[in-house]
Each structure stands twice: as structure tokens, then as C-alpha cells.
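Okay, so here's just one chain, in C-alpha cells, the form predicted alone.
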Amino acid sequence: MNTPLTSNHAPVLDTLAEVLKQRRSASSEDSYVASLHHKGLNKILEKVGEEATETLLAAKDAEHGSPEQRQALVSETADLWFHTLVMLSHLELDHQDVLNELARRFGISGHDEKAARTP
């Protein structure tokens, strides 16, 4: 059974997506996001990779770490999600498509879902 994703934080993603869309055409001097858009996809992907690495390192520290180290993982994950949303925005893709894909996978074995993907 497919269950739609619902969250009281969904408006945060919607609001952020709208801001990111607006910043695509903003002045790069006025906005960090605009500066990433102006530098292009490669710079955005570099940031996604950097944040992914920082998230992985924070996860290793958080596994048996202090509350501060666990909070650092939350912060790094937020950075990763943010830069991933910038990437989607740059490519004019909607975060809701990702949420819909996650919702579609509910009730499907991860092994079955992976096997069903085309190689």
C-alpha cells in the first residue's frame, strides 16, 4: 500500500523551493544561492559533494558521539539537503517530485524496488 508523505514541515520545503526559484535570477552579489546559480551546475554539484562528505564524517562522529556531535550531524544533513534543493532548482526540477517518488516506494521492498529499476 502506498502511503503519501505528510509532515507538518512540508511548508518549509515548499517555501524554500519558492525562494530558491526566485534566487535563480537574483543578483549574485545579494544572494548566496544566486551566486551558486550564476557559477553553474558544476559549482552546485561541487557543493553537494562537499556537503555529502561532511555529512558522512559527521555521521561517523555521531555514531557513539556526544549530543553536540549528533547535532552537528543534523546541521550537516540540513546543509546537504539545502544544496540538493539548490541543485534541483537549478535544473528546474521540483522537490515534490522527489517526495512523490519516496511516497511511491512505500510498501515496496527495497530489494524489489531496486531490482525493478532499469539498469
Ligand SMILES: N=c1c2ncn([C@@H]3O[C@H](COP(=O)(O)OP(=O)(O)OP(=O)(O)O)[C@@H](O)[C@H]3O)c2ncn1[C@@H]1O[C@H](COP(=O)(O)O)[C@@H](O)[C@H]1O
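All residue numbers refer to positions in the sequence shown, first residue = 1. Because the structure is a prediction, the values reported are computed rather than measured.
The discussion below concerns the form predicted in complex with the ligand, not included here.
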Result of superposing the ligand in the model of the complex onto shown chain, 2.4 Å backbone or C-beta criterion: open
Contacting member of K43, H90, R70, H38, with respect to the ligand in the model of the complex [4.5 Å, heavy atom]: K43
One residue of V19, L13, I108, A103 in contact with the ligand, assessed in the model of the complex (non-hydrogen atom, 4.5 angstroms): V19
In the model of the complex, A62 touching the ligand (heavy atom, 4.5 Å): no
Touches the ligand in the model of the complex: V33 (any heavy atom, 4.5 Å): yes
is_contact(D94, the ligand) in the model of the complex, heavy atom dist at most 4.5 Å: no
Contacts with the ligand in the model of the complex, stretch 56 to 72 (heavy atom within 4.5 Å): none
